[in-house]
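Take a look at this single chain, the form predicted alone, given in C-alpha cells.
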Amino acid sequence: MKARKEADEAVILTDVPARRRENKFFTPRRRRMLTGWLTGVLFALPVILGVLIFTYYPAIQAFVSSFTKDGEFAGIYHYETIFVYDPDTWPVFGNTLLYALVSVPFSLVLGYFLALAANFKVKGIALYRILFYLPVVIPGVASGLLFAHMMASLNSNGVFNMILHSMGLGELPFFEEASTSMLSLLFMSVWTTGGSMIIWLSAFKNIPSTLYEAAKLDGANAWDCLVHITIPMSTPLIFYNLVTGVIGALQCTTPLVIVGDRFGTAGGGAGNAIYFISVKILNEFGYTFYEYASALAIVLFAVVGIFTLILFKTSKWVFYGEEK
C-alpha cells in the first residue's frame, strides 16, 4: 500500500506544471509586488544616495571631528572652548536668537495678511500674487548684493538714501552703523515674505465655504469669520511655517555674508551687530579650524533641535480636524 501511494503521488506531481512546483513563495502576485518595489527603489536611489553621501555622512563626520584636535581624541575640549573661552559665543548666539524671535513672528503675520489680501476675488488679483512672489525666486546672493547697494550711503549712491535725501528726510546709516544694522536686516527679511503667502493661500482654499455661509447666516461679520474660522482652520500651516521659519532664521547665512562683509569685518557687519552663529561657523572653516567649526555646528544643531522640540510640545493649539 505504501509503494502504491508513493507511485500515485509521483503521477500527480508529473501532471503539475514545473513552474508551479518550483517555489510556492514566488507567486505571480508576489513577483509583481517585488518588481514594483525594486522599480521604486531604483527611481529613488539617486536621492537616497545623495542624502546619505551629502547629508548623513558629513553630519556624522562633523560629530566625530568635534571631539578631536589635530586628528587625536580631545574629549569636550572644543565645547569647553565655545562656552568658556570664546568671547564671540554669547554675542553671536544673542544676535541669532534676537533675529529669530523678531523676524519669524513679523514675517508670519505679514505673510498671513498678504495672503488674505491675495485671496479676494477681484480683477487683477493674479498680477498681485505674481508681484509679491517674484522676489522669492531671486537667489539669495543677488538679493544680498541688491540690498547692499540700495542701503549704501548717499556718497555711494545708495538708492534708499537718495530717495530720503530728495524728500528732505536726511540720510540713514542702515548697515554702516551697529545701532541700525539689525533693523536693516529685519527689513531685508520682508523681501521674501511672498513665499509663505503661497502656503497661506493653499490653506485658505482648503477651508470649506459652507463654514463661512453658516457664520454669515448667524450674523457674523468679516472679523468674526477671520478670528473664529480662517485662523483656527489654518493653524496646521501656521505651525508648519512657524517651525520652518525658526529653523531658517537660526541658520540664516547668505544675506549676512553679503552685507556683513561689505559693511563690516568677517561677515559680522558694523560692530558685529549682525554676527550670527552660522557666519561664525563659516569663518572658522575659512580659518581652517575644521574641528572647532564642527563643534559649533553641532551646538547649532542642538539649539535648533531644542527650539523645534519646544514648538512641538506646545502645539496643542493646532487644529487638525474634528475630534472623533
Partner chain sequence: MKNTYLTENTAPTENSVLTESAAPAEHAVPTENAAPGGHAALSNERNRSARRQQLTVRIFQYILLTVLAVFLCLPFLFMVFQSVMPEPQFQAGQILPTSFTGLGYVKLFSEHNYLTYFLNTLVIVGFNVIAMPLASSFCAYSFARLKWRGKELVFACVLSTLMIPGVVTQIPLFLMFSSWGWTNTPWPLTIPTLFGGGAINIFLFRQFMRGIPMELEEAAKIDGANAFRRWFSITLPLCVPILLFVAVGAFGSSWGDYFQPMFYFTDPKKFTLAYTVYKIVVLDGVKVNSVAMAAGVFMSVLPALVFFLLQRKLIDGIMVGAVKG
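Since the structure is predicted, the reported quantities are computational estimates derived from the model, not experimental observations. So that the term is clear: the rigid core is the largest set of C-alpha atoms that superpose within 1.5 Å between two forms. Residue numbers count along the first chain shown, from 1.
From this point on, the text means the form predicted together with the partner chain, which you will not see here.
Engineer: Decide if the three candidate residues Leu97, Phe106 and Met233 all line the partner chain in the model of the complex, where lining means a heavy atom within 4.5 Å.
Structural biologist: So, no: the whole triplet misses the partner chain.
Engineer: Using a 4.5 Å heavy atom cut-off, which residue among Val137, Leu217, Met167, Val84 comes into contact with the partner chain in the model of the complex?
Structural biologist: Filtering the options by heavy-atom distance leaves Val137.
Engineer: Ok, Leu101, Ile76, Leu183, Ile198: which has a heavy atom sitting within 4.5 Å of the partner chain in the model of the complex?
Structural biologist: Going through each option in turn, the one that passes is Ile198.
Engineer: Mark Thr89 yes when one of its heavy atoms lies within 4.5 Å of a heavy atom of the partner chain in the model of the complex, and no otherwise.
Structural biologist: Outside the cut-off, so no.
Engineer: Does Phe147 reach the partner chain in the model of the complex if we count a contact as any heavy atom within 4.5 Å?
Structural biologist: Phe147: contacts the partner chain in the model of the complex.
Engineer: When the contact criterion is heavy atoms within 4.5 Å, does Ala273 count as touching the partner chain in the model of the complex?
Structural biologist: Looking in the model of the complex, residue contacts with the partner chain do not include Ala273, since no heavy atom lies within 4.5 Å.
Engineer: Wondering, does Ser179 line up within 4.5 Å of the partner chain in the model of the complex on heavy atoms?
Structural biologist: No, Ser179 is distant from the partner.
Engineer: So which of 245-253, 171-179, 68-76, 89-97 is the stretch with heavy atoms within 4.5 Å of the partner chain in the model of the complex?
Structural biologist: Of the stretches listed, the one contacting the partner is 245-253.
Engineer: Relative to the partner chain in the model of the complex, which residues of 140-169 have a heavy atom no more than 4.5 Å away?
Structural biologist: Going through 140-169 in order - heavy atoms within 4.5 Å of the partner chain in the model of the complex - the hits are Val141, Ala142, Ser143, Leu145, Leu146, Phe147, His149, Met150, Ser156, Asn157, Val159, Met162, Ile163.
Engineer: Taking 2 Å as the cut-off, check whether the CA of Thr244 shifts that much or more between this form and the one not shown after a rigid core fit.
Structural biologist: False for Thr244: its C-alpha shift is below 2 Å.
Engineer: Verify the C-alpha shift of Ser156 between this form and the one not shown: is it 2 Å or more after superposing the core?
Structural biologist: Stays below the 2 Å threshold, so no.
Engineer: Please check if Thr81 moves between this form and the one not shown, taking a CA shift of 2 Å or more relative to the superposed core as movement.
Structural biologist: No, Thr81 moves less than 2 Å.
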